[in-house]
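As a starting point, one isolated chain is supplied in structure tokens, in the form predicted on its own.
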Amino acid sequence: MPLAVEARALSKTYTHSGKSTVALANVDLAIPTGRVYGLIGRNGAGKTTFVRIGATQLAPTSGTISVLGHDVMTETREVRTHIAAVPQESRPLYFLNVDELVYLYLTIRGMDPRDARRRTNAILDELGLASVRKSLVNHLSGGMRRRAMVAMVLASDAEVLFLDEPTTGLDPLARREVWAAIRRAIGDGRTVLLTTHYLDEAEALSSRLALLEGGQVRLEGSPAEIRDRVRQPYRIVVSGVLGRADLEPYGTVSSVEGGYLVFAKESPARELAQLALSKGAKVSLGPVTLEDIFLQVVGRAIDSDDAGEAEA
């Protein structure tokens, strides 16, 4: 069986007013079928550009990308029969109500009307949209409109789903409803390429992850594999008594509210925890989170806003 998505030396450079900005630089990714594959990174890291190219909405500058063995550039029509996408900046048809939006999308894709009706009803129930099914899309909040767009794509029979920041603007309960629907899609044998800046979302859903920064893949693997490749896999939060100079021999120290965060290897982490407890400090010790990994690899938090204009 071919890969769901395969990119080889994929690059994209935007040129505006004589200035060139690299959005993707020689990206190689092999995304298997029947999984959620997560692309994580800051705004401007290249996630949306990758999705737009894979979804046939944007041409690469160089390199190749295929979906289920079909080249995106030379077999575009064939690719489009196998995919569905929720772009990051998508806008639904505001003159339709929610029910019409989903049902019309499915019938336009060629789905039998009876099957389209059944799928529409099911997805509106699953994503908590049944109560607003007759509401015009332009009367909904931004979060509800986003949910309606996700419902459209998840209700389709597409084999590969491109979901670009699908839960942006959703409340915690709505996010988990979307998560459940994504898991159901995977249970049906479909593939989801998910971009997100919510690291808990990436870890909860994805069997494999790629961390993008500056248009390049900085880390790739399962969440467990990525943790294993981090140089300092333990985090210790120390509050009180000990100062930065006391902590620096054990690992990399950062200031946090109420104390210090130290990234360390296992043995120094345990030694530091014992020392801090013996001094009467408050200590929290555990494995690094994906957010910690991002901070270690990239050198800044995932929600920092200085990623540049690569995807403007």
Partner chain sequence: MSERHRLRSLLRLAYMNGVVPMRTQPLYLLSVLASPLSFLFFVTIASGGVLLLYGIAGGMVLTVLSIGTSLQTDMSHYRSDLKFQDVIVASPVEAPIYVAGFALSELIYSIPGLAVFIVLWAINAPVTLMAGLTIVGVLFIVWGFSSALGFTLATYFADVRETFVFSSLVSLGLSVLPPVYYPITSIPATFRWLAYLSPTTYAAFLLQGAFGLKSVPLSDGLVDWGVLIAASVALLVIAGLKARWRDP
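All figures in this text were calculated on a predicted structure; none of them were measured in a lab. Numbering follows the first chain given and starts at 1. Each form is matched to the other, and the largest set of C-alpha atoms that superpose within 1.5 Å is called the rigid core.
Not pictured, yet referred to below: the form predicted together with its partner chain.
- Contact annotation: L154 falls outside 4.5 Å of its partner chain in the predicted bound form, judged by heavy atom distances.
- In the predicted bound form, none of the heavy atoms of V256 sits within 4.5 Å of a heavy atom of its partner chain.
- Interface residue remark: T252 is not counted as part of the site for its partner chain in the predicted bound form, having no heavy atom within 4.5 Å.
- Its partner chain in the predicted bound form is not approached by R176, whose heavy atoms all lie more than 4.5 angstroms from it.
- Every residue of the trio R77, R91 and Y105 has some heavy atom no more than 4.5 Å from its partner chain in the predicted bound form.
- Note on the interface: of 108 to 116, 224 to 232, 176 to 184, 189 to 197, the segment with non-hydrogen atoms within 4.5 angstroms of its partner chain in the predicted bound form is 108 to 116.
- A heavy atom within 4.5 Å of its partner chain in the predicted bound form is found for one listed residue only; from I236, L211, A202, A85, this is A85.
- This chain is displayed alone, yet in the predicted bound form one of V27, A55, I31, A269 has a heavy atom within 4.5 Å of its partner chain; that residue is A55.
- R229: CA moves less than 2 Å between this form and the one not shown after rigid-core fitting.
- After superposing the rigid core, the Cα of T81 is displaced by less than 2 Å between this form and the one not shown.
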